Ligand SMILES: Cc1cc2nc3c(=O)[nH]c(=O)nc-3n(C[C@H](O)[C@H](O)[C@H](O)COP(=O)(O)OP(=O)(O)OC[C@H]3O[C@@H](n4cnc5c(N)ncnc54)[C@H](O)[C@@H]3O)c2cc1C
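Just one chain follows, in the form predicted alone, and it is written as structure tokens.
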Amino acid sequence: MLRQYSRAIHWFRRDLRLTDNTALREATIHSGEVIPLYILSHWEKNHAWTGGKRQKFLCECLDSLAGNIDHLGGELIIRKGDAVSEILKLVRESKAEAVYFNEDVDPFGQEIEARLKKESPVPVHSYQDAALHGPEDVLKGDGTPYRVYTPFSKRWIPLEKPKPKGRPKQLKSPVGIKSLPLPTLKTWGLQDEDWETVPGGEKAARQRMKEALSGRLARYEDTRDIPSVLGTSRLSQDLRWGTLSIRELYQKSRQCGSAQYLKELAWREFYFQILHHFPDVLQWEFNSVWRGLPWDEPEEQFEAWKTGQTGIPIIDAGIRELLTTGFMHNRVRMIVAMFLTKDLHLDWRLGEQFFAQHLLDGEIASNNGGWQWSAGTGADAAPYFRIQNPWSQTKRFDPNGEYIRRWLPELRNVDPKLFQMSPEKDQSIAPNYPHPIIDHAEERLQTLAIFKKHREQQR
């Protein structure tokens, strides 16, 4: 086959794998040599949108990727700084004739892509890889985007899905290209804390996928809302960082008969297209009726929420799971998020930012969509008057207190029935556990009044 280029750069971003990597595959087909490149951002320790657990996971993903590339005969090149400047610098140094990459799904990444295409002296080839269908592929009959999940999913589900295409058999890279060392936590001045995060990298992701497909996804509809059991896929971080291909996961999930899980993948792409067509959701409420809601100022109660010290066990267990593992069970995420917005009356953007700092699977579109759903302000959101009661949610989804006891050791010897009802005034569930910082019934009524008054003012 005639090669189009003698040498090209593949820019790794959120596609940290070799298997079914669209842009990488195209680069290896059309180029004699490929320079695999990853660019570290100028991340600071107190950055608002990422944290140490995420950086640790990234380091493990890059270490795995470098080893896999080495086995194919190539070398992962690490650079740091402004992505466009570093790519153009490498083009000059290496005499590369083209640049390949997979497209981002958020407006920040897309802005960088536009700059690169405008400033690059060599051809730039980009590909849709993070989703099964791009944001322009699933539209209404009149060509406008969907704003509600159910009609979107009815259009999305029957569409023919692209098939996975394997991995390169070899990856020939030029020698002598300068590279920074693979990053560690020390690269960002961080120390490895007592975290219980899942391991990063393609090999670990594929093992997780194998375990999920072995039977867990077939039972997904029955177990997905029970936080004490391993009933979800646990693959969200692997889709976020691209250590798994969405095409391969979809194909194998369909074969194992998990219809409900496929609907969850549709939710992911629904939020992708919401962010694409309505990028203002990152700053404003999707439903314009709710813009300007009078949120309270974050003070002591917000600190109690962030540290898992609210005195409400299901809330505290979820936060402590997040702080320890970089993960929070999806049902608990909804309870925790609705508690912040409806019980504490705090701005959903505060919670969105906090989750983004700690979640390994922190996907901008899904994180924003989930928080706006819980706040009642987003696309296809829960109505403002639907306010989850953390005590009754506990009774329904963690009746024996298994999840709560795991993450709150101070409550391990407490009767789990006490996790299902608010204690008497000025009492706590256990001597070494705080009294609830709010009364849910009172805060619920206040929220209903706030939303009702605001809606009437908009008329």
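Please read these numbers as outputs of a predicted model, since none were measured by experiment. So that there is no doubt, residue numbering starts at 1 and follows the sequence shown.
One more form of this protein exists, namely the form predicted in complex with the ligand; it is left out here, but the text below deals with it.
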From the list W188, W195, Y250, W267, which entry has a heavy atom within 4.5 Å of the ligand in the predicted complex?
W267
Exactly one of S179, Q357, Q301, N330 comes within 4.5 Å of the ligand in the predicted complex through a heavy atom, and that residue is N330
Would you say all of S31, L37 and N102 touch the ligand in the predicted complex, counting a heavy atom within 4.5 Å as a touch?
no
Just to confirm the contact call: exactly one of 138-146, 115-123, 78-86, 371-379 touches the ligand in the predicted complex at a 4.5 Å heavy atom cutoff, so which is it?
371-379
Can any non-hydrogen atom of R234 be found within 4.5 angstroms of the ligand in the predicted complex?
yes
Verify the contact flag for Y261: yes if a non-hydrogen atom of it lies within 4.5 Å of a non-hydrogen atom of the ligand in the predicted complex, no if not.
yes
Answer yes if any heavy atom of E202 is within 4.5 Å of a heavy atom of the ligand in the predicted complex; otherwise answer no.
no
In the predicted complex, is there a heavy atom of the ligand that lies within 4.5 Å of any heavy atom of L323, even though the partner is absent here?
no
Contact check, 350-364 vs the ligand in the predicted complex, heavy atom within 4.5 Å, ordered by sequence, gives F355, L359, D361, G362, E363
